[in-house]
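Just the one chain here, laid out as structure tokens, in the form predicted on its own.
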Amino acid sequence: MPRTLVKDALAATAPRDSILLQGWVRTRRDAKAFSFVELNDGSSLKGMQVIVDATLPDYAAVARAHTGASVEVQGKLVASQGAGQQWEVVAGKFTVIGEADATYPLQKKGHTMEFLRGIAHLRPRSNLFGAVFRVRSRLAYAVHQFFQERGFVYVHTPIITASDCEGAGELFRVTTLDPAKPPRTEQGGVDYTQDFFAKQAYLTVSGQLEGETFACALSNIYTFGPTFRAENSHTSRHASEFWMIEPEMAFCDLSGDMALAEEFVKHLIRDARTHCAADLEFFAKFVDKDLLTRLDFVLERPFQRCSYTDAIGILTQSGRTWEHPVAWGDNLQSEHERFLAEEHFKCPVTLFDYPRTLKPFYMRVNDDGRTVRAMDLLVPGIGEIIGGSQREERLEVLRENLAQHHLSEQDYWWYLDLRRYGTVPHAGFGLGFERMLMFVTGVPNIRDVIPFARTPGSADF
């Protein structure tokens, strides 16, 4: 008999004379003549109630079906006699596959997020994390759906790279050299020509530069993969390993870039509202009571657009005392971004035209020479969720930018070639997948939307 998933059994339109369920015991309640077992297989938030009659030949097995045990049930799907569920299963055969004793950490009680992070190998069995990772799976599908339906080509950019896209130097080095006895140059430095790649190599911080090469051949492309930052940050919004979605579009300017970013965010929220309704309702009940209101708010309203310069004016005139003082030419901090989205505009806002000195070498310089065609999309509750720009397509200006950032033309020879051979205006952005998940689920810590979080000092599991 083929296995039926709990979510499909719960969605049944008629009783079934025979059904096979397999999963884990959430709870068991014993009465004189029968036992109630709640079985969950991770396919849905809700479990299936199984009634095991004491007259069954294998009823003794029920005594071993503690919380966490894996079981197999063959029986009938019938209309439920109790309130709160449409269907239940009357067991004809009940088998314990794998026992779980009283040391099983996920007993039926409240657990702190810190405790659950310490058992990341078991936390997907909890209601909260089962819901988080089902939503993560669905949103990953929705990412591909969005771009594939618009004719974008999916490109796998390298995880090991020799270039630092952002120029911030927060890179994890990839090497096979012996750290205790590395080969040395005549000047006494480490001789990386003897390393595996014959040069210094790192885990990527972005697939953007490689993505640009494909956009300049295939027109519209996107990447979706892991990226890494060796940033010693211990905030709830930063992780050392996270996933990024990075589209890149040839013959596109900043306006087109902003339009796609705004459309993309709405698509992901709309998809989650449609396909993850039960899980989102769970988050709204137990994680963030304002979640559904906030998501619908973003769906229903147009995004505001505001230049960086105007944003500085709004912040300066707000009358607020900021932890980080506001001045033109400085980076906006989370407190500034959230004020703009949550209190001033009261909706998502796309900021654009940032100071040239704040941004990486590849962003297109505006005619004023002081600003670049960069944009950040801010959402209520999170702050920045997308960063992007029109790229600098003019060879001489790009060479000037590299010099200003003290970067070697030799290291970026192939990137410069794109401007030598059939250069075009092009633009793109990056969306941090986990930041989007935090927004959609209301879960406030990035460590709780990644299956196995990698943060400073922590690489467990």
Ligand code: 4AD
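One rule holds for the numbers: they count along the sequence shown, beginning at 1. Predicted model only: the values in this text are computed from it and were never measured.
Separately, the form predicted in complex with this ligand exists; it is not shown, and the next lines address it.
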Contact label in the model of the complex: residue 362 to this ligand, heavy atom within 4.5 Å = yes
Contact of residue 435 with this ligand in the model of the complex (heavy atom, 4.5 Å) | yes
For residue 288, is any heavy atom within 4.5 Å of this ligand in the model of the complex, or not?
-> no
Closest heavy atom of residue 388 to this ligand in the model of the complex, within 4.5 Å or not?
-> yes
Of the options 303, 242, 202, 146, which one has a non-hydrogen atom that comes within 4.5 Å of this ligand in the model of the complex?
-> 242
Within 4.5 Å of this ligand in the model of the complex, heavy atoms considered, which of 238, 356, 136, 266?
-> 238
Residue stretch of 397-405, 51-59, 421-429, 32-40 approaching this ligand in the model of the complex, non-hydrogen atom distance within 4.5 Å | 421-429
Sequence-ordered list of residues in 211-237 near this ligand in the model of the complex, where near means a heavy atom within 4.5 Å | 229, 231, 237
